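What follows is a single chain, given as structure tokens, in the form predicted on its own.
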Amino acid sequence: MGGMLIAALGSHLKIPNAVYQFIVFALLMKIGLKGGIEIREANLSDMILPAFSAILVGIIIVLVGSFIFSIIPKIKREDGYATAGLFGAVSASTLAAAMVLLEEQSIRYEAWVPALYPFMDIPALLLAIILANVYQHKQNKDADTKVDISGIIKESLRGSALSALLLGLLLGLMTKPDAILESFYEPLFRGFLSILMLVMGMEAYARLNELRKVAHWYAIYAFFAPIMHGLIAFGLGYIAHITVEFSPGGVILLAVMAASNSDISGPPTLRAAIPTANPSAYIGASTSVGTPVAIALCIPLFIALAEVVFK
């Protein structure tokens, strides 16, 4: 909101691109390191089915969202892919809020459940980027020209944002970076995040005019999508509960992850990988509607649903 305000007032403030790129690298490295550490410390045999469910949910969300936006008139396909990717990725803050509420209500969940978020987050972002790149290649070439899918996947994985996220995840898994995480990345995290949000707000305002004619469609999607996504994940989590005794609290957290939309890893990753997408579309839908629905409505909804289902 601060970034949009100063842009609206005509401020000449600019964050140098090199500074922005470093901030994105530091943020995504921190997220990757944290996720890798949590996965390393988890019982991998217990995680297999829930982790597969998380991957599947992330993919389903992006495919369904991309299809919905493709049939709505006047919506740019790149904007639709980016929005679907952001809603398929996970909000760390929404997940943290759900964990606090479960602990207050003494609802048990496995300690490794928060480590499931990269399994949903990364496939969702990667698939959205791939779909957007395939579409752009088709638009830029003749219809009969074959699109190199494997090349697009490789190029997407080499992108700066995804590379930082995957590097952090790998280092968290293979090394013991706990000390540097606590001494360097953690203290800087919130400050860097505020600068990132400032830049996103300034850019979102600059491209707000593109969104005015179709903003209602994004608002409708952002309201109903978190509920539908959470229900899909709740169903898959229930299957894991029956199969491997995945805890009710774990099922709730899986559903909340699916209902959330990324506020940290998603925006810079999508901005870097799909530069033609309008941040006003995917960030506006997420922050103005999607996140409030996920926190205020979906968390209590899935807790109540679990009380009925697991009674």
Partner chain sequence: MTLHKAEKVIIITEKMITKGVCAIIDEAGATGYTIVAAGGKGSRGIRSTSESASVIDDFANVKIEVIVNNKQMAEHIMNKVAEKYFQSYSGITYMEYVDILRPEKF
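Numbering follows the first chain given and starts at 1. No experiment lies behind these values; they were computed from the predicted model shown. Think of the rigid core as the biggest set of C-alphas that the two forms share within 1.5 Å after superposition.
Missing here is the form predicted in complex with the partner chain; even so, the following discussion is about that form.
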Report task. Please determine, with the chain shown alone, which of 269-277, 243-251, 64-72, 40-48 has non-hydrogen atoms within 4.5 Å of the partner chain in the model of the complex. Result -> 269-277
Query raised in the report: Three residues, Ala98, Leu101 and Thr291; all within 4.5 Å of the partner chain in the model of the complex via heavy atoms?
Result: no
Query raised in the report: Though the partner chain is not shown, can you say which of Ala206, Ala215, Leu231, Ile239 has a heavy atom within 4.5 Å of it in the model of the complex?
Result: Ala206
**Report entry** Any non-hydrogen atom of Ile283 within 4.5 angstroms of the partner chain in the model of the complex
**Finding:** yes
Query raised in the report: Can any non-hydrogen atom of Pro16 be found within 4.5 angstroms of the partner chain in the model of the complex?
Result: yes
Report task. Answer for Ala222 alone: is it within 4.5 Å of the partner chain in the model of the complex, judged on heavy atom distances? Result -> no
**Report entry** Val199, heavy atom within 4.5 angstroms of the partner chain in the model of the complex
**Finding:** yes
**Report entry** Residue shift check between this form and the one not shown, rigid core fit, Ser288 Cα at least 2 Å
**Finding:** no
Query raised in the report: By the 2 angstroms cut-off, has the C-alpha of Leu301 moved between this form and the one not shown once the rigid core is superposed?
Result: no
**Report entry** Displaced residue check between this form and the one not shown: Leu167, CA, 2 Å or over, core reference
**Finding:** yes
Query raised in the report: Any idea whether Met197 and Ser93 get closer or farther by CA distance in the model of the complex, knowing it moves 3 angstroms or more?
Result: closer
Requested in this report: Indicate closer or farther: the Cα atoms of Ser93 and Ile23, in the model of the complex, relative to the displayed form, with a change of 3 Å or more.
Outcome: closer
